[in-house]
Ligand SMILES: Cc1ncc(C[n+]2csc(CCOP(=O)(O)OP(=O)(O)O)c2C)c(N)n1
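Just one chain follows, in the form predicted alone, and it is written as structure tokens.
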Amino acid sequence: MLTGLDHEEDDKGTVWNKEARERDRDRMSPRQAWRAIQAGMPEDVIISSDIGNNCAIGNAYPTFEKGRKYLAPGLFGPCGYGFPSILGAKIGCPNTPVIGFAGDGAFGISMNEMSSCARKEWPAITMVIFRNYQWGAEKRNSILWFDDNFVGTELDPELSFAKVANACGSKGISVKTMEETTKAIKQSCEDQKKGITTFIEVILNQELGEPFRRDAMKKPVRVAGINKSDMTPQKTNN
């Protein structure tokens, strides 16, 4: 089923995903990118995933034949987890290919380590940054709860993480097609054997996947029989 699923559905009354597809027809959708990534990953790879909309979409795609291969932030949901956790995985398993994943919002939380991991004593990794120029999870929730309105979710379209990576002494590349993405994943894992760290900036359209919590902002429900006097703390005699 996943192989034939290319795009995200809009909720009733919203048109964001439809307009995103029309606006950026030349860009991959998140699901297309994940299929391309999956096609390029070696069998014994360790991956880490950050929080965020594109990483949440991708949770359904990778498959593993062994345990301890998938690092995820879990219920704590710490933004910026994907990058440092994959560095730790490579330190612990220096002969195993590793790939970290993060959206461009979450990656900004820990990107200062780009200069640290370029040092010769650090092992080489692959880091994938999904570049859709937005805080996707926050935008999807805003669109859902506030009738297609959102604020404070936009990111700088002029920033290039690939260029930052090159400036820090690592290898930085941008990919825009499924073929380029698969090729870059394969090459970066081979380059890890040569001590080359690669940051792959995957340029995506702005489609948004399922929100994390549809129930989080439902209107409060009045419970019959409870009033303010019932809620007042009562004094007790000790």
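Source: prediction; values computed, not measured. A residue's number is simply how far along the shown sequence it sits, counting from 1.
Just so you know, the form predicted together with this ligand exists too; it's not on screen, but the next bit is about it.
Touches this ligand in the predicted bound form: residue 134 (any heavy atom, 4.5 Å): Because a heavy atom of residue 134 falls inside 4.5 Å of this ligand in the predicted bound form, the answer is yes.
Any chance residue 51 has a heavy atom within 4.5 Å of this ligand in the predicted bound form? Yes, residue 51 lies within 4.5 Å of this ligand in the predicted bound form.
Using a 4.5 angstroms cut-off on non-hydrogen atoms, would residue 106 count as touching this ligand in the predicted bound form? Output for residue 106 is yes: heavy atoms within 4.5 Å of this ligand.
Residue-level question: is residue 118 within 4.5 Å of this ligand in the predicted bound form, judged on heavy atoms? No, no contact at 4.5 Å.
Give me the residue from 94, 77, 88, 157 that has a heavy atom within 4.5 Å of this ligand in the predicted bound form. Answer to the contact question: 77.
Name the stretch, out of 52-60, 34-42, 194-202, 175-183, where some heavy atom lies within 4.5 Å of this ligand in the predicted bound form. Correct option: 52-60.
Only counting heavy atoms and a 4.5 Å limit, does any residue of 14-43 reach this ligand in the predicted bound form, and if so which ones? Not one residue comes within 4.5 Å of the partner.
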